[in-house]
Ligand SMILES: Cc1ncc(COP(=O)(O)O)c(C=O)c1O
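One chain comes next, on its own, written as structure tokens: the form predicted alone.
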């Protein structure tokens, strides 16, 4: 068979990629760079891992404040707590349900280190305006785009606009069939390399990083967490991501055209120049129009076989067959952790010695977020995406119409 390649012989395998078929994400980072226009991409185990990596890359830690929203999924705020920083909540825009830039300005203090907006339900947050605010105050913008991969702002893909962006592939617009994975994206090499210290394999850090301040921590994998990616089929899903997204948008446009004049229902708003990719199709219910609560209305729709959820209140999207609804209580700032302000014991991270002005979280702090959480009802991506088409959307419309036509039975 000849001499060993190590001592001057020929290789047994001329192209090592031939034995990488089991590593289906070998080029996923390259594909995401090309797809989004971001200069640097690092695959992670989840969207949560991506967010934590971004926060660590920005040097955020004890005593630092991060302005975000309480109108989001738990991972957004959990990532801030995980780096021992303090969440400061801004309210949301009542139309887009994303962060209110004016309220962000009001919440900035000398302890603020970053703004963490959320592209909730698939509608991008106002990233260009937030970048301008951040530039004025020397802050980072870390975009939680976990529900909005494939979205755009003025023709530019989400992932290439903010200082750093986090994606999730768990049932999201770009997804994996095994239900996991994520990535962080940036145009800044320094942030990219520092993000590796969130929990990538020591040998990957040593092979990729150039910054001596990063390399000296490589042997521990940075913080010692494990945010390493695992093989998945995300690249295959990326190939037709835009086609699937555009088909879902067409389905949602049909729903809006049929529901926008229905009394008691406000259909989703899409800001001009923004591509809403509808991870959820989220409407607002006005209980005063029919004298029927949102929860009663949702109960009736679910009984008809149309799965809808009050996302902020119920925190239930049928994650596993064993899942059951949980009374989450609305926006994040109203939940137990923020009432107790003692996540790690001894008051940390909310009241640890590094915190100069310990926060207090209370009902009434975020009037728009609290009001929208009492009105929203959401239809999930599986019922909106291909192979679903206008015939399926017609069934959804007819189901909602049936409940509205018989609303007297619900009082």
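Numbering follows the first chain given and starts at 1. The structure displayed is predicted, hence computed values, not measured ones.
A second form of this protein, the form predicted in complex with this ligand, is not displayed here; the remarks below concern that form.
Note on the interface: of 246-254, 144-152, 259-267, 208-216, the segment with non-hydrogen atoms within 4.5 angstroms of this ligand in the model of the complex is 144-152. 172 is the sole member of 113, 194, 333, 172 with a non-hydrogen atom lying within 4.5 angstroms of this ligand in the model of the complex.
Interface residue among 76, 98, 200, 176 relative to this ligand in the model of the complex, by the heavy atom within 4.5 Å criterion: 76.
For the chain shown alone, residue 46 is a contact residue for this ligand in the model of the complex, at least one non-hydrogen atom being within 4.5 angstroms. In the model of the complex, this ligand sits beyond 4.5 Å of every heavy atom of residue 54. Taking the partner from the other structure, this ligand in the model of the complex has no heavy atom within 4.5 Å of any heavy atom of residue 124. Using a 4.5 angstroms threshold between heavy atoms, residue 181 counts as touching this ligand in the model of the complex. Residues are counted as partner-facing when one of their heavy atoms sits within 4.5 Å of this ligand in the model of the complex; in 295-314 only 311 qualifies.
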